[in-house]
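Consider the single chain below, provided in structure tokens and representing the form predicted on its own.
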């Protein structure tokens, strides 16, 4: 099925759109409080699940929006670029990113947001990111075989589960609702703990 409104941007328009979207994404992250490493790491102590709520909401809205646009014939999924999946290096990278998130209090995106408003810890964190990128570039030739291991091609979750995009979007929305319910319960219990004992542990 051909998309009703195929989108074709010039290089200049594409760059402008990318900058505009990046600016507003960063703006709303900062407005949500994600420039604070304390707020970001609070989720690992089950105190504040704001990160999960905001980011999971954005993912679900995008997923449902694409599914509905596809059903309406406006978006053609076959025209959406999906990068190749490499199981083992991406698993290792996810673990390293998670460890860095816990230790440093930022992920790469929130580090840029906090650095943009002048937070020194975020600028230090960004320095570590760029040092890691440079260091990876130096050692990549020696670990190239690992970087392309577990190749799965441009695989999406609906393809992997052999379900339609609509069913996948609905399932993700249900999972999100369950996660939000669990997060609210966790935060409620933490607030009760603070009221009972009068201080944070």
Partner chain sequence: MSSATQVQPPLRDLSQRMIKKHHVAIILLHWFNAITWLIELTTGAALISSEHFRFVPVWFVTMITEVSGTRANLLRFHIAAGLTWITVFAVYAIFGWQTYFHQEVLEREVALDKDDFNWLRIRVLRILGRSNEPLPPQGIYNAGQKMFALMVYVMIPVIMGTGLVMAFHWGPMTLVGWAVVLHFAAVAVVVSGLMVHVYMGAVFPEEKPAFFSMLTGMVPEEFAYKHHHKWWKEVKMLEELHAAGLAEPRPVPRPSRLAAALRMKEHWPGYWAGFGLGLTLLATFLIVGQGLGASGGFTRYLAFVLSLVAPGYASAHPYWSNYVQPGQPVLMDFLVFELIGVALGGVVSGWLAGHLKWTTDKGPRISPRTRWALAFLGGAISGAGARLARGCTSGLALSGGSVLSAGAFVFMLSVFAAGFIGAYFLRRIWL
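In this text the structure is predicted, and so the values were computed from the model without any measurement. Residue numbers count along the first chain shown, from 1.
The protein also exists as the form predicted in complex with the partner chain; that form is not presented, and the subsequent description refers to it.
Asks: Is there a heavy atom of residue 72 no more than 4.5 Å from a heavy atom of the partner chain in the predicted complex?
Replies: Although the partner chain is absent here, residue 72 would stay clear of it in the predicted complex, with no heavy atoms inside 4.5 Å.
Asks: Should residue 143 be counted as a contact of the partner chain in the predicted complex, where contact means heavy atoms within 4.5 Å?
Replies: Yes, residue 143 lies within 4.5 Å of the partner chain in the predicted complex.
Asks: Using a 4.5 Å heavy atom cut-off, state whether residue 174 contacts the partner chain in the predicted complex.
Replies: No - in the predicted complex, heavy atoms of residue 174 and the partner chain never come within 4.5 Å of each other.
Asks: Taking heavy atoms and a 4.5 Å limit, what residues of 82-119 are near the partner chain in the predicted complex?
Replies: Result: 82, 83, 85, 86, 87, 89, 90, 91, 92, 93, 94, 95, 96, 97, 98, 99, 100, 101, 102, 103, 104, 105, 106, 107, 108, 109, 112, 113, 116, 117, 118, 119.
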